[in-house]
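Only one chain is shown below, in structure tokens, and it's the form predicted alone.
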Amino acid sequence: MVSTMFPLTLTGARSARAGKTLVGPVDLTLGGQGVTVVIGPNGAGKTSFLRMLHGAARLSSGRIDWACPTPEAQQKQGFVFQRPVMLRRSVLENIIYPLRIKGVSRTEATRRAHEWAERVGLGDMLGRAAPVLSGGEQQKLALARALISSPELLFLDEPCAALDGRAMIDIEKILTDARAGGTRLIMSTHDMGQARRLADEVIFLVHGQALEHAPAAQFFQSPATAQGRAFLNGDIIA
């Protein structure tokens, strides 16, 4: 997939709520391939940063410029939350929902939903009520629902938080396959093992500031900042 959305350029981008800056100002440019993993201590602003990029959080100042018009870019991206939002319907109805609202026929949407359910390991659960699924199953469902529309970009906020090892392996396989298929991934995680496994590049946030933006191998081998070194050592960053 050749992206028409990137490069994505942030110039003094800042998001605030009730007079408090949540993230920014941030200046950086993101290319159109691979996996960007956003890391940092608790309260660093990782979720706010993703929401700002996605347009779910208001930009208080600065600029976020896509390579295409912003409304077009927003139509080509998806967002998977830490706690999946499930429709109170069957697994099948959840997966086909984004296609149906885009006007895809029920027959075609159902065919594609069966394919995606198999790909994420939910092929035998299409008739089950989504809210009764386990945490890992709900996250797989959320990914199927997000990826069925073939987004150019997918944001993921802590997609494996509170999942067991088996579920994490399954989710990472889905993400690796999505990346191989050309979907651009920007995700946050608190799990440094996962970050090392998945990241092509790293954005390191502290107090809403992007202190480092570097290739993953470079960051994990030799962080450029004292805060980055302390974070990788497991030290508390005040």
Partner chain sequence: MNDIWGGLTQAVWLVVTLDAELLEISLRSLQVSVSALIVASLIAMPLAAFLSVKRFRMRRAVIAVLNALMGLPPVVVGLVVYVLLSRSGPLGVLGLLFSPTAMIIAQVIIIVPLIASIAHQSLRDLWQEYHDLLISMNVTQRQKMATLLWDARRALLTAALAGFGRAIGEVGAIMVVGGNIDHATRVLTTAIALETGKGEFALALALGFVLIALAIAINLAIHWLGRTEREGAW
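Note that the coordinates shown come from a computational prediction; the quantities given were computed from them, not determined experimentally. Positions refer to the first chain, counted from 1. Each form is matched to the other, and the largest set of C-alpha atoms that superpose within 1.5 Å is called the rigid core.
One more form of this protein exists, namely the form predicted in complex with its partner chain; it is left out here, but the text below deals with it.
- In the predicted bound form, residue 51 approaches its partner chain with a heavy atom inside 4.5 Å.
- Taking non-hydrogen atoms only, residue 116 never approaches its partner chain to within 4.5 angstroms in the predicted bound form.
- Contact annotation for residue 123: none of its heavy atoms lies within 4.5 Å of its partner chain in the predicted bound form.
- None of the heavy atoms of residue 111 is located within 4.5 Å of its partner chain in the predicted bound form.
- For the three residues 75, 97 and 101, a heavy atom within 4.5 Å of its partner chain turns up in the predicted bound form in every case.
- Note on the partner interface in the predicted bound form: the residue among 92, 86, 167, 161 having a heavy atom within 4.5 angstroms of its partner chain is 86.
- Residues of 127-162 that come within 4.5 Å of its partner chain in the predicted bound form, judged by any heavy atom, are 129, 131, 145 in sequence order.
- After superposition on the rigid core, the Cα atom of residue 99 is displaced by less than 2 Å between the shown form and the other one.
- Superposition of the core reveals a Cα shift of 2 Å or more for residue 131 between the shown form and the other one.
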